[in-house]
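So this first bit is one chain, no partners, the form predicted on its own, shown in structure tokens.
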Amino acid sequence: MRTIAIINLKGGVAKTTTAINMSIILSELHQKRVLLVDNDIQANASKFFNLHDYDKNGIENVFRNERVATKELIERTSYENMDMIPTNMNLDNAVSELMQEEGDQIGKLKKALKEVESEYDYCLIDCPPSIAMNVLNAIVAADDIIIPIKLDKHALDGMEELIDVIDELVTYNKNLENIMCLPVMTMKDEFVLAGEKLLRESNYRVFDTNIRYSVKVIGSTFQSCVGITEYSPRCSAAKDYKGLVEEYLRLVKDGE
């Protein structure tokens, strides 16, 4: 199982949208077995798949001392090849408690995912805009990190800090291979184009694929369990997310 953590210190940069649509495209169009992990207290991915529930276990159990078997946290989605570990507001308390623990604080998620690695081809982790303990766990568990970046004046804000954190954790994650920036919500605007030029001239690795801005993406968020490739298959963002997955699979040498 190859694990992808989707991270940025900024909010509103399409992390959840990217995690959801990459997961759906991998499972539906490429017939990969996919596990999506909602690691964000906002639980937007869980709500999207109608799996937000305070009465069930979720990702917060991974970070608590009373460990639950990972397979008991997994819920089926409406997609045949795609499962999910959901979350809710209890994640906040779990992360706070984890910070007070002694011993292994940043390897819990990696250990939990190892229990089910034979069941899936890909695991995608949707992370909040922070470097809290649950995000550090995602970095340690990841084979690849995707950083969605909205191309504006502040596009690279926080990047240096995030890369520094990732570099510090490499000691705990020998499997980390790729750290890739993903331009999102792009358009033919002089300031956006200037931001993209700045990004591509930086020292950061950047996908060739851009995710273009589309109002259809906003509309798709109101359709539970329906990815952009189903909601509006001809829109620019749907084509771009399909292109992104194809580029990613080539990157990791798992293309069809």
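Treat the numbers as computed from the prediction; the structure is a model and nothing was measured. When you see a residue number, it is the position in the sequence shown, counting from 1.
Another form exists, predicted in complex with a small molecule; not displayed. Remarks below refer to it.
- The candidate spot formed by Ser27, Leu36 and Val226 is out of contact with the small molecule in the predicted bound form: none of the three has a heavy atom within 4.5 Å.
- Interface membership of Glu60, defined by any non-hydrogen atom within 4.5 Å of the small molecule in the predicted bound form, is ruled out.
- In the predicted bound form, none of the heavy atoms of Lys239 sits within 4.5 Å of a heavy atom of the small molecule.
- Contact annotation: Thr209 falls outside 4.5 Å of the small molecule in the predicted bound form, judged by heavy atom distances.
- Proximity of Gly158 to the small molecule in the predicted bound form falls outside the 4.5 Å heavy atom cutoff.
- Picking from 210 to 218, 48 to 56, 27 to 35, 191 to 199 the stretch near the small molecule in the predicted bound form, with a 4.5 Å limit on heavy atoms, gives 210 to 218.
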